[in-house]
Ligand code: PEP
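A lone chain, given as structure tokens: the form predicted on its own.
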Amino acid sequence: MEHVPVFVANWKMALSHKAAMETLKAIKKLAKDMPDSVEAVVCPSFPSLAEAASFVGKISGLQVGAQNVHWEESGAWTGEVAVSQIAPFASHCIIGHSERRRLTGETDQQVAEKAALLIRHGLVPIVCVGESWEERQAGETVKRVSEQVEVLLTKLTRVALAKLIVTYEPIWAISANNPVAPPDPDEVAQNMLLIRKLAAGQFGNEAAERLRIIYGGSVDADNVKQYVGEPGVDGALVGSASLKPVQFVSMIKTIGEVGST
């Protein structure tokens, strides 16, 4: 089954609001090179969502996503952000990123609840799963990824699966964690196949084929083709490399070219 390829830029809190808008303006100047065949999403910090959404409307083929959301509809959660507060500006939302899991103690159950909440509100969840270096060294990659995905699937329906994007992002491969070397593309593809098999076990092969699975972890313009060229890899989640407008557009172009072959 053919999927619309995906490019997600996670800007974390690398840019001030002014710098984020300047970067978007630079991307707009290069936008003629971006193919319409790619679902391209830029995820700035919360304070920039509204203005970014307004500006991105002028860039054909580009959408805005949030970097997180709370699992409750509303409530006394000081410092958190509700789905109703991001929905007017975002079409997508990253959840379950390893930094959130590690730094805030976010659980698999909470991530699954976030996914279901986003889907109810018409947003596309970009759910991150992946193993740590210690888990990989202990031969527990399959166990850890399976745990994360199985809990996620309990909160979804067969129809919802098609509205989801799962990102396989091994924690040890994220550039901020100073990886020794990026993962082998074949290893990435095998772990993505595991995710699809888990989805098939829950909802059947036909539904599982509709699920889009992308890769994240030290992706840049030089290696993105290696990853998205593997069978079953539907795109990429990119961190620091997406802050550079030329690389941003180049990676979208590469993903579009690979996805069309």
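Source: prediction; values computed, not measured. Start at 1 and count along the sequence shown; that's the residue number.
The following text describes the form predicted in complex with phosphoenolpyruvate (PEP), which does not appear among the structures shown.
The partner is not drawn, yet in the predicted bound form one stretch among 45 to 53, 65 to 73, 212 to 220, 27 to 35 has residues with heavy atoms inside 4.5 Å of phosphoenolpyruvate (PEP): 212 to 220. Taking a 4.5 Å heavy atom cutoff to phosphoenolpyruvate (PEP) in the predicted bound form, the contact residue among Ala173, Val124, Leu156, Val188 is Ala173. Contact between Glu169 and phosphoenolpyruvate (PEP) in the predicted bound form is found at the 4.5 Å heavy atom cutoff.
Residue contact check for Gln247: none of its heavy atoms lie within 4.5 Å of phosphoenolpyruvate (PEP) in the predicted bound form. The closest non-hydrogen atom of His97 lies within 4.5 Å of phosphoenolpyruvate (PEP) in the predicted bound form.
By the criterion of a heavy atom within 4.5 Å, Lys253 is excluded from the residues contacting phosphoenolpyruvate (PEP) in the predicted bound form. Applying a 4.5 Å heavy atom cutoff to phosphoenolpyruvate (PEP) in the predicted bound form picks out Asn10, Lys12 from 3 to 33, in order along the sequence.
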